[in-house]
Ligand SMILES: Cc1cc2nc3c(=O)[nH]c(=O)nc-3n(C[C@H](O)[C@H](O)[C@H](O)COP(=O)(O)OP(=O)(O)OC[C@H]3O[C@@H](n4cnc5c(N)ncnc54)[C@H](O)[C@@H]3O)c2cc1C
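The chain that follows stands alone, in the form predicted alone, written as structure tokens.
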């Protein structure tokens, strides 16, 4: 076990990609095994010391940033215990980085299908947020690939759950039997939107108990191990960067493309393309939108698949001569670099403006997507604030990044975000589709579920974390825990 207390050394644990400032802790502890982790949590529980679990620091909602107490950093719980190419599963500790996992899998011709966006993320962090990425259109989020979790509770008890072991019903009290005790868990009875979501605890009637611990944002326990499902690497992957003369053409293309077997369907608006032209001047000036998509294929069907996509692109007036196609790893890497250049360019503007961006993570039902996009554009035009819109259009999940230049614009951006949230919820959408709630989106989650249902979440947490020390202020305000105790 390593314990760090030097403020200059541990300050790196008080930040992530959210920009949330002011984090602090008494010490950072790096356990190397289950016993050490258990001893830490038992001591913290006995002394009522808050504990924040820290992964790779790639989150964007401030979930890993502590405000007092201790930090448990998981980077030394980083063993790849087993990769089984017969059962297509891997057993991993929570501190394994996705890049390290993918490197090992590639040696065996395997891959981890959900492929969350940030390659430096820890596996435990991606489970805690139910992370997803561009390939989520075909493969879905992390949840779909978790087969078992070993979780250490703040009481020192260990829960080892396999998918299919237990099923729970909404509104019921579920008796979870441990080694020498039984915990009664009051399951909330709220309804989640029937779309991709990472907002609050996952609750559905007759759901697998395992799913409760996927997306819990470090509030219910410390993930020690996971069994994950793997896939075989495809023979080939082709990538398309297709430009369109109008936004309507791009959207109508996506509607048809959803019936194909693309791995990903991603969108960039006209403002995004304008931003990228400074580095990539070959992007056609007449383009008003871009769809980036990938397709896995077997070599024998390559020409047939290319032909079918070409016909669909032509049908929707894509700028065929100006668009990019890649079917080799080298060429695909160039397109991936172009795709990732957009968030880099946004970050450069943020630094130049010396004001944080205000970025959304909203998704809505497919039937409401055009209405939501129209609402975005109208409100953004009225605000006068610079912005870009991009994201996972295949899942009706867009990231609106507002780029304020002044304090006044920043305040206006936050108010505009709230309007987006209210509209999305009214349409049956979610306030967070992949990033989670963390410490920054409490007001949005309350709009989505109401305060009474947030209290249900707090009661659920207390049943599994009776000392109420884990991940305080993640998902809901810690004050709710005090209110339910009164």
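Values in this document were obtained by computation on a predicted structure and should not be read as measured data. Numbering follows the first chain given and starts at 1.
There is another form of the same protein, the form predicted together with the ligand; it is not shown, and what comes next is about it.
Asker: Quick one: from 425, 60, 440, 49, grab the residue that has a heavy atom within 4.5 Å of the ligand in the predicted bound form.
Answerer: Here the answer is residue option 60.
Asker: I need to confirm a contact call. Of 393, 363, 268, 223, which residue comes within 4.5 Å of the ligand in the predicted bound form, counting heavy atoms only?
Answerer: Checking each option against the ligand in the predicted bound form, the one that comes within 4.5 Å is 223.
Asker: Choose one stretch from 212-220, 167-175, 199-207, 273-281: the one whose residues place a heavy atom within 4.5 angstroms of the ligand in the predicted bound form.
Answerer: In the other structure, the partner sits against 212-220.
Asker: Can any non-hydrogen atom of residue 56 be found within 4.5 angstroms of the ligand in the predicted bound form?
Answerer: Yes - in the predicted bound form, heavy atoms of residue 56 and the ligand come within 4.5 Å of each other.
Asker: Please tell me whether any heavy atom belonging to residue 331 falls inside 4.5 Å of a heavy atom of the ligand, as the geometry stands in the predicted bound form.
Answerer: Residue 331: no contact with the ligand in the predicted bound form.
Asker: Does at least one non-hydrogen atom of residue 17 fall within 4.5 angstroms of the ligand in the predicted bound form?
Answerer: Residue 17 belongs to the contact set for the ligand.
Asker: Going by a heavy atom distance of 4.5 Å, is residue 100 a contact of the ligand in the predicted bound form?
Answerer: Residue 100: no contact with the ligand in the predicted bound form.
Asker: Note that the ligand is not shown here; using its position in the predicted bound form, name the residues of 114-147 with a heavy atom within 4.5 Å of it, in sequence order.
Answerer: Heavy-atom contacts to the ligand in the predicted bound form: 117, 118, 121, 122, 124, 125, 126, 128, 129, 131, 132, 133.
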